[in-house]
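Presented below, as structure tokens, is a lone chain in the form predicted on its own.
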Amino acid sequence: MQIDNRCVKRNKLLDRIFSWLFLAMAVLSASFIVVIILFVFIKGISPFLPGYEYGQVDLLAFLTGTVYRQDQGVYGVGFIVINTLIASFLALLLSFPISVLTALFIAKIAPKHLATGMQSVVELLASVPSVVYGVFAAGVITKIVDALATSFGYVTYGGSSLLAVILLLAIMIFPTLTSMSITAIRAVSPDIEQASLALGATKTQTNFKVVLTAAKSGIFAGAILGLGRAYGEATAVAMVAGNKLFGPTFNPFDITRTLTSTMLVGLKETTGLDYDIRFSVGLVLIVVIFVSNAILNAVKKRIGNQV
């Protein structure tokens, strides 16, 4: 009995130690996030405060401006926000149906060995570094866009354009969308499928009208994650966007500029207004992502509640 009591006390002590250890790790992780957010906020808000050492920037002009010229000291991100939204949502619109159909094929239609191989390819695409996608886009996608523009009578800047950014982002978010969709589709209960087939529905009808309907909430969650990656991509986008100084850009064959590519330009600077204003652009990006996610999550919840 004494031995059992010692074991119980020792186990309770170990549980308490590990509980404190896990709490310490959680606090440490949260601290890093808080420190980063505070640093970005302090640096990003400083150009708009009175007494800023490099000259105060007008906040309204910054948020609504249609020109971004570092050489002239003009910083307006209004058109860049619009460019970012256009490129990201069109990339999502292009990639979403392809990703869902691919996921449906892998999860429900393809033979097991083929499905395993295709899923491995999708996972491999998700692990490819962004700069590799950027090099591919600069060498291949830009040529395709340039040839397409020529056939329509347009002239591009070597293929660097809004369309090139859209195609690049569509390719980059494809693995995320597909992986999430596969998980959501495979989570659908087999009983639902069997009930549909028992009622006389074909396999195709069951896949499209029952399986995808039941998995729509998870698929939509994948779309949210994919859009988040599209918003946050910088290196690859900067290689094909073209860094336009004014806008917004609505012509798909014209050069453009996104929030992340704006932050990436001129990273050699570590002090001054040009350096601090990039943190301001980062704050705008955080707000755009937060608002977009809030809206999409509300839509996701509404879709998930529909029968």
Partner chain sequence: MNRKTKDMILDGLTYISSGISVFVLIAIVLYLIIQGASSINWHLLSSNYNVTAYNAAVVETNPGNYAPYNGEGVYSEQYGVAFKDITTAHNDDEIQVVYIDSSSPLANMESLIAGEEGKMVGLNEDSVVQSLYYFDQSGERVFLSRTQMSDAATLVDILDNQSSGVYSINYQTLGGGIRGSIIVTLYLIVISLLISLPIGIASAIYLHEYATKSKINSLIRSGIDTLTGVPSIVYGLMGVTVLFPVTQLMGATSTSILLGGLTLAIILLPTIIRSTEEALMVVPQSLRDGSLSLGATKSQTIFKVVLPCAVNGILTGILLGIGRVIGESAALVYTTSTVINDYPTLLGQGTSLSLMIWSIMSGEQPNYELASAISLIILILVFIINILVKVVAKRFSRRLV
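Heads up, when I say rigid core I mean the largest set of C-alphas that superpose within 1.5 Å between the two forms. Residue numbers count along the first chain shown, from 1. Predicted model, so just to flag it, every value in this text is computed and none were measured.
Beyond what is shown, the protein has a form predicted together with its partner chain; the following relates to that form.
This chain appears without its partner; in the model of the complex, the one residue of Ala147, Ala187, Leu197, Ile109 with a heavy atom within 4.5 Å of its partner chain is Ile109. Interface residue among Tyr154, Phe89, Tyr157, Phe136 relative to its partner chain in the model of the complex, by the heavy atom within 4.5 Å criterion: Phe136. Stretch 230-238 is the contacting one of 230-238, 215-223, 188-196, 70-78, since its residues have non-hydrogen atoms within 4.5 Å of its partner chain in the model of the complex. In the model of the complex, its partner chain sits within 4.5 Å of a heavy atom belonging to Val40. Mapping the unseen interface onto this chain, Gly282 counts among the residues with a heavy atom inside 4.5 Å of its partner chain in the model of the complex.
Taking the partner from elsewhere, Met263 is found to have a heavy atom lying within 4.5 Å of its partner chain in the model of the complex. Taking non-hydrogen atoms only, Tyr275 approaches its partner chain to within 4.5 angstroms in the model of the complex. Contacts with its partner chain in the model of the complex, taken as any heavy atom within 4.5 Å, map within 114-144 to Leu114, Met118, Ser120, Val121, Glu123, Leu124, Leu125, Ser127, Val128, Pro129, Ser130, Val131, Val132, Tyr133, Val135, Phe136, Ala138, Gly139, Val140. In the core-superposed comparison between this form and the one not shown, the C-alpha atom of Ser19 has shifted by at least 2 angstroms.
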